[in-house]
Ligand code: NAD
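Only one chain comes next, encoded as structure tokens, the form predicted alone.
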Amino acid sequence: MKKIANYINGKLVAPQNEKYIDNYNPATGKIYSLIPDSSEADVNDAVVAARDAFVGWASLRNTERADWLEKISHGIESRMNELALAESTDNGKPLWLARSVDIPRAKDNFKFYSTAIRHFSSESHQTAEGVINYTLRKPVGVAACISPWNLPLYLFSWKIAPALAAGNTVVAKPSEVTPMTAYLLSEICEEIGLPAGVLNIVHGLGHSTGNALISSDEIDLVSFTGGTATGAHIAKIVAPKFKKMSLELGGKNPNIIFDDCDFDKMLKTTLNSSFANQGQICLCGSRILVQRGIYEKFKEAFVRKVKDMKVGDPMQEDSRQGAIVSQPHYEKILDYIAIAQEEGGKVLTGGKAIHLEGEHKDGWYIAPTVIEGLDQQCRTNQEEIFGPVVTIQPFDTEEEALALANSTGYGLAATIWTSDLHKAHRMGNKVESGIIWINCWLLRDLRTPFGGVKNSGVGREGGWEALHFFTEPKNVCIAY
């Protein structure tokens, strides 16, 4: 059985304690590889390697670091099919999705920041005759980058690329649930000869390996994407040390549908925004709010299309949904469906596990689920389920839609459907979310800021925001 290795100081190495964690294929429910159960000693080795490499890496010209990022991007591109297969096997998502979205985006993340850092500039101010202030942006040091399991290489690279581009060295921990593409990225870095210690990847559990990483006094900043409770734990450890943090956390996103929308376009996109990646994307719209004039029309059409979605083997091109990422998460989602029914919700379609045949009979599959009849204060509408489960609810006025949209403690993303430009701007301004999509969903420009408000996080990723986070500004004032 394949054993994944850590990547420390430019080498693929086994964990010092020689302990491993089982890695499951969600589509079959079977163990298919082993992950290092890394200890604090492994983390310390990685941090020391990153610290030793920092001065040399930071002293390179931006263009030289950009060249290394471009080599990583080319390395990902050269192994596109292998990485897509690994992502699908590890995560349970359809292979076509990994091939068309996840791995191309990971490649693009390194490519984007290889270009961005070449154009990264500072400001200067002529304060008075004979006085100039200018701003330097210096890399911070050793960055701890911790990524989630839902978009494994996509979000892993989203952190690592800007950190490296800005001149930091990195100790990164992928999710123990989906480690395989991070391991393959290690192989790519070894193949291209990335300088030792610049990027280190340590595998293991969050409460041990991850905790050792964020607790180290030798790291200088933390970038984390994951659950809100884990983000709060990280903040308690990192904030008292006055270290920089970027926390991209949970969401309970509203999808607001007005009766003047382009119905066909809305319906097609809402199907995707509800159930893409088995609903395991922090940007999915899990609370669908529909203006009463088209509520029954929407419900009938939406439920019909959801019933037609094929849940099946992720390797099959016609599988619209694959497997849930892990057994604990599978059980959590089913528990929430039961809670929704206890709260008075009516399951219009789905609401149950799906059992395939043959080698997939023990896989973790759940039918896409639509529930109505719940108010916004129930647990189902207030807590992040992070699965193929959406609720639908009617509203009458713009003011009511706004109140419903803003009724949770989260504020990551929102989708608004309307043909009224004035209404679009009003709602876009007043909905409490870091990202607003109007008449579209998941249309991303890598230059734009990404992140949420309220319990959805602290800080922003993307574009110059990420490069600003991974640098410290220094003002220099010269009188001449």
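All of these numbers come straight from a predicted model, not from anything done at the bench. Just count from 1 along the sequence shown to find any residue number.
We do not show the form predicted in complex with the ligand, though everything after this point is about it.
Among heavy atoms of E384, some come within 4.5 Å of the ligand in the predicted bound form.
Among residues of the shown chain, R137 is not one whose heavy atoms approach the ligand to within 4.5 Å in the predicted bound form. In the predicted bound form, the ligand sits within 4.5 Å of a heavy atom belonging to G227. Although the partner is absent here, L205 lies within 4.5 Å of the ligand in the predicted bound form, judged by heavy atoms. Exactly one of the stretches 163-171, 107-115, 129-137, 227-235 approaches the ligand in the predicted bound form with heavy atoms within 4.5 Å, and it is 227-235. Each of L155, S175 and G250 is positioned with at least one heavy atom within 4.5 Å of the ligand in the predicted bound form.
None of S88, T369, N255, N150 but one reaches within 4.5 angstroms of the ligand in the predicted bound form through a heavy atom, and that residue is N150. With the partner removed from view, the residue among I146, A182, I72, V142 that has a non-hydrogen atom within 4.5 Å of the ligand in the predicted bound form turns out to be I146.
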